[in-house]
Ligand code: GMT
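Form predicted on its own, single chain, as structure tokens, below.
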């Protein structure tokens, strides 16, 4: 195989706790480890991005508040910073994660640059940028335009690709590149973490999410409340948002002594290793990165059979899937794994093996690299207006 030169790649994503930001950050880290130069552009440093790592650079977007604007604008300063970084560092690729506002900003940034300085724009859709914002008449046309103007569009599942065609009406070429996960080595032992959580011989059920309405935390709690005996399990919720709105449900179901909540956890691996199984009751999922994260620690999932989840979990092989809304079915399958440790371990071993085979960095990163190099062989989209200075920083 002919060696290919390292690339200069810009990445824009949401830097806070959330699946798209985690994937984008890990992608940049993995690309840098493979010799590429990576420039992150966002309003703050992504929470999983290491300091002073080789070939990784962070450029902060400065957002000013002007009395003229009722709300501070992020898209325009983001686009200017994208254009500046691309020009100064001669970027080959601008890879944006989540359509709003990153794809729109990238397209605008490219228009500010002379043709020989324009990076190829890759837009990766992660979920609600299609399923929620794509259906909003205030966002949908702008998302459609950004996808049409992108040099490549990728989706994290075949389900999301079909939804992008259906909801946004986008008929251009797209590619499915699945999410991946590269777990950090936990700093503590499984026993130490369970001791911190106050968990002894109980079966520890894990749920990790942003607690948005589509996650159906009400069904999650209802399912756990049906497990018997109650003192045989604990539910650990790794919450990317305030859990207080669910306090009434916890009290109503008598779960106060059965639930442990940790909010905005950065080192998720510490807790993944402590879990025995995970539970997801979502109404819709484009992929469900949380399930994959658990799989890498041999933790099988009971989940609703919705969206892209069946592309991650093979029912009866490395996890158990139940139709959405069937709380009795969810509770029955959870109870089965709580009671049958051998079945739980068998599913967990298969989950780990399949995660490593299908969703590791070694399986996924080359797909992005191949896409980048293929794009660079194509001619530029259009001439820019060259309004951004390419002087050194």
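Numbering follows the first chain given and starts at 1. These numbers come from a predicted model, not from an experiment.
One more form of this protein should be noted, the form predicted together with the named molecule, which is absent from this view; the next part is about it.
Given the named molecule in the predicted complex, answer whether the residues 35, 367 and 372 all have a heavy atom inside 4.5 Å of it.
Verified in the predicted complex; spot residues all out of contact, no.
Heavy atoms within 4.5 Å of the named molecule in the predicted complex: which stretch among 183-191, 234-242, 286-294, 162-170?
This holds for exactly one stretch, 286-294.
Given that the named molecule is not shown alongside this chain, does residue 179 nevertheless sit within 4.5 Å of it in the predicted complex, heavy atom to heavy atom?
Residue 179: yes, in contact with the named molecule in the predicted complex.
Would residue 85 count as touching the named molecule in the predicted complex under a 4.5 Å heavy atom rule?
No, residue 85 sits far enough from the named molecule in the predicted complex that none of its heavy atoms falls within 4.5 Å.
Just to confirm, residue 98 within 4.5 Å of the named molecule in the predicted complex by heavy atoms?
Flag for residue 98 set to yes.
Is residue 258 close enough to the named molecule in the predicted complex to count, meaning some heavy atom within 4.5 Å?
No, residue 258 sits far enough from the named molecule in the predicted complex that none of its heavy atoms falls within 4.5 Å.
Considering non-hydrogen atoms and a 4.5 Å limit, which listed residue (230, 195, 212, 252) is close to the named molecule in the predicted complex?
The option sitting close enough to the partner is 212.
Heavy atom within 4.5 Å of the named molecule in the predicted complex: which of 128, 104, 149, 225?
After the contact test, the surviving option is 128.
Relative to the named molecule in the predicted complex, which residues of 53-76 have a heavy atom no more than 4.5 Å away?
Counting only heavy atoms within 4.5 Å of the named molecule in the predicted complex, no residue of 53-76 makes contact.
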